[in-house]
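The chain below stands alone and is given in structure tokens; this is the form predicted on its own.
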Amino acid sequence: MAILEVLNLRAGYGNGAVIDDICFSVERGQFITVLGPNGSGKSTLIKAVQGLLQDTSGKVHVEGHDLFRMSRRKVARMIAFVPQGYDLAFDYTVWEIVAMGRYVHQKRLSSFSAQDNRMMREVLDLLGVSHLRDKKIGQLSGGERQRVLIARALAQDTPLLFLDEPSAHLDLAYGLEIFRVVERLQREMKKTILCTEHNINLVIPYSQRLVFLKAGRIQAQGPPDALITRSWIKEVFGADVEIRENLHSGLPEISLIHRHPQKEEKGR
């Protein structure tokens, strides 16, 4: 049985649907990435499959249970979410932010247990940010902040981890580092990953399946070697590309076709 099943999902923000007729499933332990151009509905989709939007219809099942009938507390024990960037109103310390991930496991008015503290220390170690525990989040670099937000999600101790464009606002090196971290979580902690992204080449080595989204609808889904083609990239992203084999991974990789105006003029 799939850990996540989405059927005929439709969602928006009160003034019409942003995504419509969305159907896909995620097997336990998979890493699936949703790709699409700006405005295609990627962020809306990843919010809707958590029940975070009111204007939603269709079905979402998590481990066979109807997500729309689950309490928010129960959902938070199944799905941890890493949003785009830093979304906190106050300048908390790293330790305080990671502690937020444990609240869903606490009883009312109870303090953190030894198990809670051990879990928080472990995820800080795993993400390589233990040395930052007393720093304010506003003092950190973009890559450090992203690691802290992932640590907060891991502290929730959920089987599903959702990430909305984790490489957004990061340079190439930090973006690559974040995906290596997430892939390690999938491999070592058996997390099931659902991620949205805009950088196609970045996600190819880590994703078992890709979902192509355009104008709020799924255009195609499948393994990278089936979807990374000139025709699909042109259809979904409107870009002319060349497909080549990465010399190190053997996986497909895209490069934009840049036409030089002066050379085109001479060729006429």
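Note that residue numbering follows the sequence shown and begins at 1. All of these numbers come straight from a predicted model, not from anything done at the bench.
One more form of this protein exists, namely the form predicted in complex with a small molecule; it is left out here, but the text below deals with it.
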| request: Can you work out whether the small molecule is within 4.5 angstroms of a heavy atom in all three of Tyr13, Gly41 and Thr44 in the predicted bound form? | output: yes
| query | Of Pro37, Pro224, Gly58, Gly51, which one comes within 4.5 Å of the small molecule in the predicted bound form, counting heavy atoms only? | reply | Pro37
| said: Against the small molecule in the predicted bound form, would Val18 count as a contact residue? Criterion: heavy atoms within 4.5 Å. | reply: yes
